[in-house]
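Next up is one chain by itself, shown in structure tokens, the form predicted alone.
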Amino acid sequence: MTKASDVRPYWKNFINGEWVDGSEGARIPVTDPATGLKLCEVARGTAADIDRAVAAARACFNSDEWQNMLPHERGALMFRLADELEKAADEVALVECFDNGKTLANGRGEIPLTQRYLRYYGGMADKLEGRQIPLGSGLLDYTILAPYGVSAQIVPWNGPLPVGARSIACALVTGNTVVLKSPEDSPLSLYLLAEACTRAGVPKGAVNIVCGYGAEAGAALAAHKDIDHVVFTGSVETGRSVLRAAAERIIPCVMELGGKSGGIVFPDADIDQTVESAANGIFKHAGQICSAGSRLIVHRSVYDQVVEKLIARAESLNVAPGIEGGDLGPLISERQLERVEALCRVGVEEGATLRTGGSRTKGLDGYFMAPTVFTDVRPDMIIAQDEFFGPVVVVIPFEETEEAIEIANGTDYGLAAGLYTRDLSLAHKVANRLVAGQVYVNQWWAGGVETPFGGMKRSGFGREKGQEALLGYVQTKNVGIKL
């Protein structure tokens, strides 16, 4: 399967273990961002469909089957789900190319990553333990890690399968059930996950997946009267709306929002390795990653050298449809491409120097953006403050370490940060000062499934990935007994 025509023409929503049309019979067209042409259609979920999905999740949560499922059995369920997902590997790679714009290699890479999440959290299911608290003779006191109930999850279009699977896995192993609103721009891989859930024997209603527009299905889910918990990954603007809805009902949230992550290059850094890491940090998936390294803060003594090598690296990248194996695929939509181009024009108007890129790639259909490098950038410029969510890096010079730290911390965001140096003492000192949920030293995205991921400041709160993520899906219940 290597052609857009190999993608199924119509996909239904997954509610209570069944594949169903939208309540109003409407459909959402899904576009191939590499061509701008319609790829297929999915059932359009509405508030009524969200009601049905939440009811199914609640019924499953309250059922004897779910309440009596032992922790190790929930863990085994995740292992079976990981195994069943393997059977869909080729189709996952296909749809990730055609509805998401990923390269074929990155599309194939989604499967082992997603399986790693499922197996990692499956292995944790029977290791979530409370504690006994000594209160003296005649009293027994202990704690239980209890699930919230129905977990509402809204996942982004840039990595729907691994992001959705890790949230689902955390919810299920801790005893919650799930209603997930899939992204209308890129929903298909999550439907394949739902098919794997059926084959793996996930109880009906434990996982429900509904595709719909954010203002319709997403808003209905976040504000639903019978959800107990929200997990959201997306923009700060949408995150505010979700938080307002959750605040009305006073329910807990895990929020992973945007970023404007900066990497500091010190004079002693390995320049070739630094440039390769920085390029990967901003140009992978065409910069459509929330923790992308979109600012490079470079010591003046190596500034020109880093800039020239970074420009050469950007211009060497092959921009092409993912199915053709290009280094960079398209942006997700015309809307996103126009936004990135508009911000590039703002950068020029502000006085930054556009060294390469800055506009859509000529000669290609679809929503392709050229890898872009700006220099002569001041920290207060809009292009140094606002998130592009595209393959655009701004390079900012510095003289002293304190200045570099101030620049790195000088945005509303705090998702990720990085630094490049051979000086281990300096690395520890600077990492401690950077206001970010994760700090990468000498390799952008150093870390893994096992390492907690999340933001500070406007980049959100709560953690995903690692053991720490599970704490966002449970609440502590204390039991005191007079003997």
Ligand code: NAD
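The structure displayed is predicted, hence computed values, not measured ones. Just count from 1 along the sequence shown to find any residue number.
The discussion below concerns the form predicted together with nicotinamide-adenine-dinucleotide (NAD), not included here.
Which of 401-409, 363-371, 103-111, 153-161 sits within 4.5 Å of nicotinamide-adenine-dinucleotide (NAD) in the model of the complex, heavy atom basis: Going by heavy atoms within 4.5 Å, the stretch is 153-161.
Any chance all of 15, 61 and 228 sit within 4.5 Å of nicotinamide-adenine-dinucleotide (NAD) in the model of the complex, going by non-hydrogen atoms? No.
Consider residue 85 of the chain shown here, and say whether it contacts nicotinamide-adenine-dinucleotide (NAD) in the model of the complex, taking contact as heavy atoms within 4.5 Å. Taking the distances in the model of the complex, the answer for residue 85 is no, it never comes within 4.5 Å of nicotinamide-adenine-dinucleotide (NAD).
Would residue 415 sit within 4.5 Å of nicotinamide-adenine-dinucleotide (NAD) in the model of the complex, counting heavy atoms only? It does: once nicotinamide-adenine-dinucleotide (NAD) is placed as it appears in the model of the complex, residue 415 has a heavy atom within 4.5 Å of it.
With heavy atoms only and a cut-off of 4.5 Å, decide whether residue 241 touches nicotinamide-adenine-dinucleotide (NAD) in the model of the complex. Taking the distances in the model of the complex, the answer for residue 241 is yes, it comes within 4.5 Å of nicotinamide-adenine-dinucleotide (NAD).
Within a 4.5 Å heavy atom cut-off, is residue 176 in contact with nicotinamide-adenine-dinucleotide (NAD) in the model of the complex? Output for residue 176 is no: heavy atoms all beyond 4.5 Å of nicotinamide-adenine-dinucleotide (NAD).
Looking at 262, 183, 347, 357 here, can you tell me which has any non-hydrogen atom within 4.5 angstroms of nicotinamide-adenine-dinucleotide (NAD) in the model of the complex? Among 262, 183, 347, 357, a heavy atom within 4.5 Å of nicotinamide-adenine-dinucleotide (NAD) in the model of the complex occurs only for 183.
Contacting member of 203, 214, 326, 149, with respect to nicotinamide-adenine-dinucleotide (NAD) in the model of the complex [4.5 Å, heavy atom]: Going through each option in turn, the one that passes is 214.
Using the arrangement in the model of the complex, list in sequence order the residues of 224-255 with any heavy atom within 4.5 angstroms of nicotinamide-adenine-dinucleotide (NAD). Residues within 4.5 Å: 232, 233, 234, 235, 238, 241, 242.
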